[in-house]
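Here you get one chain, nothing else, as structure tokens; it is the form predicted alone.
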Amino acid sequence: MAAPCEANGAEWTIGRLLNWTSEFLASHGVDEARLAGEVLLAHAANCRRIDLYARFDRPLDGEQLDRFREWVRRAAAREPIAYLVEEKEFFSLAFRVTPDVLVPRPETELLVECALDHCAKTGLTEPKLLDLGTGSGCIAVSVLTQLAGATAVATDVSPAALDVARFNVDRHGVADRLLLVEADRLALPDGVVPEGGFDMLLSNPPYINPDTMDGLDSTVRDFEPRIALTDGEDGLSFYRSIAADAPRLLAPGGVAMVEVADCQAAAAVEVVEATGRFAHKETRADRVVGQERLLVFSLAPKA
């Protein structure tokens, strides 16, 4: 199969590039190769994905083709598509992503959905959220775009990650309701906990056991930030921190909603309930493979 960098007499139109790239990326084990090709090509051509199909007979200019070729080469080497184009859709919003943050994933949208459901069921119109380990900011920003009265504090230990989150906070117009804070786990600085405490703690923490890191897909293991993937312990230490430290930060009746790894739900429930300060309230499975992915805990009343 002739590569798009070769001058073989045929013009490399958008349609021809897309067909070639889909086959090429699939041959290199890239998931959803057609979609990956569309995303790369749309960004190279500075258009929407849907617009590609109205431009099938048009060529890319030289600069666009060079950029596209480089992205395809790196994608074939398993570099995440989102890092190449510096963007990923999450909860129908576009978020900037860089190698300083995790690539937002569909299963993490469960956190947003659960937070919105909780507010609807309890009548919370002005919830106060704590987003622990915010990364790109996708969780807190998505909730705030859906709830005009919501406010949030979003933390991360990485200054570089907070820079990415800040871009997304500004991009989606929620900077007046979302405070970004550099903090290690729940060691929040003075003055950021709202009066009465937070109504919800939301977190997609580092939950990969370091002993299993080598078994991750190379697109994750070799490119995404290790500090956001694993706690360096047993994959459960962040849940222990939440169980121990979150009660002093939450309002009476507050809840904690956390994402968990595959087959980790039962162990996480045991860890969080061990302090006696939280009760397991709900488990939700992702819609793709039905894996238990989200746990909800309610703050138990003080004895």
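All residue numbers refer to positions in the sequence shown, first residue = 1. Keep in mind that what you see is a predicted model, and the values were worked out from it rather than measured.
Keep in mind that the form predicted in complex with a small molecule is not shown, yet the notes after this line are about it.
Annotated contacts: 105, 204 and 208 all touch the small molecule in the model of the complex [non-hydrogen atom within 4.5 angstroms]. Contact with the small molecule in the model of the complex, defined as a heavy atom within 4.5 Å, holds for exactly one of 114, 193, 229, 175, namely 229. Put simply, of 181, 220, 93, 110 only one has a heavy atom within 4.5 Å of the small molecule in the model of the complex, and it is 220. Partner contact region in the model of the complex: 97-105, out of 154-162, 116-124, 182-190, 97-105, criterion any non-hydrogen atom within 4.5 Å of the small molecule.
Using a 4.5 angstroms limit between non-hydrogen atoms, residue 38 is distant from the small molecule in the model of the complex.
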